[in-house]
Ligand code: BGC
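One chain comes next, on its own, written as structure tokens: the form predicted alone.
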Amino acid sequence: MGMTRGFGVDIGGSGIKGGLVDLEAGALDGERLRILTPQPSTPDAVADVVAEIVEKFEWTGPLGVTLPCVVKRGVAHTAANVDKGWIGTDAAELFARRLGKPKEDVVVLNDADAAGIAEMRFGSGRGKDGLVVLLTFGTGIGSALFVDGELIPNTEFGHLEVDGHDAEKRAAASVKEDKGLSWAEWAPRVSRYLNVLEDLIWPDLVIAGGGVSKKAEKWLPLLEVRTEVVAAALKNDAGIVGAAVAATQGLRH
């Protein structure tokens, strides 16, 4: 007993998942609940699902919620893989109102930033100083940047221009699937993207997350980069864990 618990909800383009988090172990406390993202994924429709998840666990304390958006002071400024109606929405106010909570009890942050917070505290970035970047390879490419353990929020390194193209249009995991590329065919695309990123910010460590991190041994050895690249440790639970940590810390940008 005596475990410190938190609660996180991770909103994605295909699914919304949430659960209790053991903040000492940096892991889920029990099973998470995943519900399909409503289509269209309007703010009100998504808020209803978030409320359903929170109420299922009978959680009454502060909570963190991730969005695939640039988020500043609780307001969404972009919308990736969710309805464009999110742009300009005060998400913290929306969730607080729907849950009947004070606004200060709801922390909303970018999904990759949340995953990065979890990895830096409990996973592959633990104890790492210098400049560390977490990249989530999925439908697109999300990024989280840390300098000596401190988050620099809302980086959008997945949208760097690489050889005239938006980076995530060439190197996201979804591109591998859509084009039927082998690991050996996809890895050079990731290498080229990382080379551009290396020349821009000179990271000390890159943490590779997203679903493909579960098969890191298939492609990390194929990369031709100068920076050390390691697989994310928390896999698909990182967003939930990081959201819970952010809520407990009252983290706002």
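Bear in mind that the values here come from a model prediction, so they are computed numbers and not experimental data. Each residue number is its position in the shown sequence, starting from 1.
Keep in mind the form predicted together with this ligand is missing from the figure; the text below concerns it.
Peer 1: With this ligand left out of view, which of L220, L28, V70, V196 would have a heavy atom within 4.5 Å of it in the predicted bound form?
Peer 2: Filtering the options by heavy-atom distance leaves V70.
Peer 1: Could you check which residue among E156, D83, D105, D90 gets a heavy atom within 4.5 Å of this ligand in the predicted bound form?
Peer 2: Selected option: E156.
Peer 1: Heavy atoms, 4.5 Å, this ligand in the predicted bound form: which of 139 to 147, 116 to 124, 179 to 187, 92 to 100 makes the cut? Say which one.
Peer 2: Checking each option against the 4.5 Å cut-off leaves 139 to 147.
Peer 1: If we define contact as a non-hydrogen atom of the residue within 4.5 angstroms of the partner, is A112 a contact of this ligand in the predicted bound form?
Peer 2: Although this ligand is absent here, A112 would touch it in the predicted bound form, with heavy atoms inside 4.5 Å.
Peer 1: Enumerate the residues of 202 to 226 that have a non-hydrogen atom within 4.5 Å of this ligand in the predicted bound form, in sequence order, or give none.
Peer 2: Heavy-atom contacts to this ligand in the predicted bound form: nothing from 202 to 226.
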